[in-house]
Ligand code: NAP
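A single chain comes next, written as C-alpha cells; it is the form predicted on its own.
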C-alpha cells in the first residue's frame, strides 16, 4: 500500500432539479500498489463540465449514467506516481477519465500522454482537450461555415463557445456571441474579436438579432437551448445550419421542458439541425489539436481558465458552473 489516502467525490443521491451539496459525498480509501501494466496517477487538475449533470440523471443517455455511490465522472490532468508499464515512467504527465478523485490506478493503455510543448498542461482538458475539440468539429465539420456567414454562438464566453467564435472569425464569419453578463459580452468582443454580443439577461435576443443580423443567422452553435435558442430560431436565414452541442439551460429541469419550439421556422428556412458528440471525430483529434495549438502560438486563438483551488471545492464550483458563475474553462487545481 502507498502512504497516501485517496479522496473521491461520489454522487450521494440523484438530484431533483438543481444539484445541492447534499447530492455529493466525499469518500476516503487506501491506494493499492499498481500491478503489471498499470500506473498509479495523481490528479493535478480536474475538469468540470456541463455534461456531468447529464450523467447524474436517470433514463436514456449516450453514456453510462451514475448510480448513487459512484465516483463523479470527469477527466483529469495527472502525474504518474508509480508505473508497472514500459509505456510510462514516474513523473510523466497524462490525462485520464478517472472522475473526481485524487488518485487512481489505471491500465497504462487507457491514459493519454500530454505534450507540454503544445501549451500549459491545464489546457489538455480545456482548449487543447475535449472543449477545444468540441468547438473545432462542431463548427468546421457540422456547421461548415463559409466566409461571410453570420454565426451566432450561445454561452459565448465558455470553454467551448469562446473557441467556436474565434475559429469562426479565422474562417471569415461575422460572429455574434450570446452571454449572461456585460463583462462576458465585453470580453468576447474586446478580447476575443467577436463582432458583437448580446446579454440575454438584459436584452431581447430576437429583437437585437434583427438589428445586428438583418439578413438572418446562417450558423447557430447551440450550447444552451431554451429561450435563447427560440430567439435565434426566429432569425434563421435560408438554408441555415444549427449544431446542437449542449442544452445547459435545461439540465437542472425537474420535469422535461416544453418543446422543441419554433419548429415552423425550420420549414420556412429549410434549416438543417444536427446534434453531435465530440467522440464522433475521435480519429481526427490529434490533427485538430496541433492546428489549435498553432493558432494559439500565432495569437489567433485566446483562452481563459477559471481555476478554483482545492479538491474539496469541486461540488460548489460545479453547482456554480450550471448557473453560469464561471468565466472561462472551469478547473479544480488539486495539486501542484
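Values in this document were obtained by computation on a predicted structure and should not be read as measured data. Numbering follows the first chain given and starts at 1.
From this point on, the text means the form predicted in complex with the ligand, which you will not see here.
Chemist: Using a 4.5 Å heavy atom cut-off, which of 174-182, 262-270, 77-85, 208-216 contacts the ligand in the predicted complex?
Modeler: Of the stretches listed, the one contacting the partner is 174-182.
Chemist: Indicate whether the ligand has at least one heavy atom within 4.5 Å of a heavy atom of residue 126 in the predicted complex.
Modeler: Taking the distances in the predicted complex, the answer for residue 126 is no, it never comes within 4.5 Å of the ligand.
Chemist: At the 4.5 Å heavy atom threshold, is residue 247 in contact with the ligand in the predicted complex?
Modeler: Within the cut-off, so yes.
Chemist: Does any heavy atom of residue 278 come within 4.5 Å of a heavy atom of the ligand in the predicted complex?
Modeler: Yes, contact at 4.5 Å.
Chemist: Under a 4.5 Å heavy atom criterion, is residue 321 part of the interface with the ligand in the predicted complex?
Modeler: Yes, residue 321 lies within 4.5 Å of the ligand in the predicted complex.
Chemist: Ok, 155, 114, 236, 111: which has a heavy atom sitting within 4.5 Å of the ligand in the predicted complex?
Modeler: The residue in contact is 155.
Chemist: Pick from 240, 150, 223, 166: which has a non-hydrogen atom within 4.5 Å of the ligand in the predicted complex?
Modeler: It is 223 that has a heavy atom within 4.5 Å of the partner.
Chemist: Using a 4.5 Å cut-off on heavy atoms, what residues in 297-311 are near the ligand in the predicted complex?
Modeler: If the 4.5 Å heavy-atom criterion is applied to the ligand in the predicted complex, 297-311 yields nothing.
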